[in-house]
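Presented below, as structure tokens, is a lone chain in the form predicted alone.
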């Protein structure tokens, strides 16, 4: 690992000022669970690290029934996993976190660090995509908000300018009669997903038709992938087993996944089809169970 400068600002304002001064020569580190790995592999050699882990103002979970959920960027994975309000109102987030790495990683790693790392295999992003989340970003020019699916530009590349910080994840209240689910193909519990899928399904209790669907996949492209083709198969129809299978095929057909030691492109396409079907089926059952 190459030498680098280091500073630990005490608040968001100090961090933004320092990052602005450094221009593109400074990198933010929060938990460091991902960054330190690629630094050790010499894939990244920052001249300066700005450690924001100690900025307590970005460590929070707030919930309002009308406005939804706000999560500070430095909230740990373990805090999200164990939060009573999240378990009650957005249980898919807690379920996802339970399968994210090991408990030691979740105790220290932060949700904002995970999202900003930009790994298309990451679990939280696809769940936040199907929950229709937005990100609040703060910099010297003020604050801006962005849909999370627009945040990802390429492999390990996100829409953050020099001098900007992700400060908050905002999740709106889910519509009535909505179910959500997340699942991934793992060698062992907690592993990075070879392929992952997240889904939300909203149904009309009067006639059982699907009035809304959001489906996203991880580790099948250079960025997290939202499958509108699969969504369009389901919306406006009473969902059956055959329709779920068709949605899986639609998702798979639009993909050209990368190949690696864990699976070929063809294998990932097949698993994408399977996991879209399974995950959407679970989301549908949860939506229907709300009565």
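Residue numbers count along the first chain shown, from 1. Keep in mind that what you see is a predicted model, and the values were worked out from it rather than measured.
Quick note: we don't show the form predicted together with a small molecule, though the next part is all about it.
Would you confirm whether the three residues 32, 35 and 100 all fall within 4.5 Å of the small molecule in the predicted complex, going by non-hydrogen atoms? Every residue of the candidate spot has a heavy atom within 4.5 Å of the small molecule in the predicted complex.
Which among 265 to 273, 279 to 287, 7 to 15, 21 to 29 is in contact with the small molecule in the predicted complex, heavy atoms within 4.5 angstroms? That would be stretch 21 to 29.
Contact of residue 178 with the small molecule in the predicted complex (heavy atom, 4.5 Å): No - in the predicted complex, heavy atoms of residue 178 and the small molecule never come within 4.5 Å of each other.
How about residue 234 - does it come within 4.5 Å of the small molecule in the predicted complex, if we only consider non-hydrogen atoms? No, residue 234 sits far enough from the small molecule in the predicted complex that none of its heavy atoms falls within 4.5 Å.
Can residue 166 be called a contact residue for the small molecule in the predicted complex at 4.5 Å between heavy atoms? Flag for residue 166 set to yes.
Taking the shortest heavy atom distance, is residue 148 within 4.5 Å of the small molecule in the predicted complex? Outside the cut-off, so no.
Contact residue in the predicted complex, chosen from 91, 208, 190, 172 - any heavy atom within 4.5 Å of the small molecule: Exactly one residue meets the criterion: 190.
Tell me, which of 86, 194, 116, 131 has a heavy atom within 4.5 angstroms of the small molecule in the predicted complex? Among 86, 194, 116, 131, a heavy atom within 4.5 Å of the small molecule in the predicted complex occurs only for 116.
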